[in-house]
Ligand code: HEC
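Let's start with one chain on its own, the form predicted alone, as C-alpha cells.
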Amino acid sequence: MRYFLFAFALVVAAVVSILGFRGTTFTKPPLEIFPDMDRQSKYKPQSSSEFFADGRTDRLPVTGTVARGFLKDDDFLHFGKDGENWAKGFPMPVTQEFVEHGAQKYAIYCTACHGGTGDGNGVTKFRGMVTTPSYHDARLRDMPEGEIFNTLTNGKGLMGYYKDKLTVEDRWAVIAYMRVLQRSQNATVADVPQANRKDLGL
C-alpha cells in the first residue's frame, strides 16, 4: 500500500507540475492532448498566399455561377416586374395565414411611420415627420403591387429600404396586409357578402 501511495503522489506531483492547479492563469498556450482540430493550418480572409499567382487567398467566384439562394430568376417575385411594367397582383397565393404574417411584419416595421390603419399617423408624425403618405390616397390604392414592392425593397424619399430586414416573402406579405388596410378603410356595402349584411343592419 505504501508503494501505491508513493506512486500516486508522484503521479499527482507530475500532473500538477505540468498542468498546474485548477484556475491557474498561464501565459503560454495550454497543453492539449486531443486538440480536435481546434487549431489547424488554414488561410484567413484577406491574407496572402504564395499558392495563387495574384498572391491572395480570397478567390473570385467562378464566372457564370451564382451562390445558392441568390438566383433571382423570377422577375415578378424578386423585382415586382412584368416585362417592362410593374406587375399587378401577387406572385404567390394570398391566404389568411399569409396576410396574418404580413400583419405581424407590418406591426414591427411599418406602424411607427404609417400608423396602425395605414393613414400615415404613426408616432413619427408627432416627432416631426409630417410627410408620411396615407395608404388610402387614390394614388397608392391604384399603384401596382410590383411598384409598391420596389419601394419597400429599395426605399424612396425619406423611406429607407427593407431588403435587408424583410425577406422577399415578408415584403409581399406586408403588401397583402396593406391591401387589407386599404380595403377596410375604403369599403362599400357592395364589398360585404350578402350573408353578412344582416350583421350590419342592412
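In this text, residue numbers run from 1 along the sequence as written. None of these values were measured; they are calculated from a predicted model.
Just so you know, the form predicted in complex with the named molecule exists too; it's not on screen, but the next bit is about it.
Task: Listed residue that, although the named molecule is not shown, lies within 4.5 Å of it in the predicted bound form (heavy atoms), from T117, N85, T131, T95 - done: Answer to the contact question: T131.
Open item on the list: When the contact criterion is heavy atoms within 4.5 Å, does V99 count as touching the named molecule in the predicted bound form?
Closed with: No - in the predicted bound form, heavy atoms of V99 and the named molecule never come within 4.5 Å of each other.
- [ ] Look up in the predicted bound form whether C113 has a non-hydrogen atom within 4.5 angstroms of the named molecule, and give yes or no.
- [x] Flag for C113 set to yes.
Task: the named molecule contact in the predicted bound form: Y109, any heavy atom under 4.5 Å - done: Result yes; Y109 sits at the interface with the named molecule in the predicted bound form.
TODO: Give a yes or no for L166: in the predicted bound form, does one of its heavy atoms lie within 4.5 Å of a heavy atom belonging to the named molecule?
DONE: Yes.
Open item on the list: Tell me which stretch of 52-60, 65-73, 153-161, 32-40 has a heavy atom within 4.5 angstroms of the named molecule in the predicted bound form.
Closed with: The contacting stretch is 153-161.
TODO: Just give me the residues of 137-151, first to last, that have a heavy atom within 4.5 Å of the named molecule in the predicted bound form.
DONE: Read in sequence order, the residues that approach the named molecule (within 4.5 Å, in the predicted bound form) are R139, L140, M143, I148, T151.
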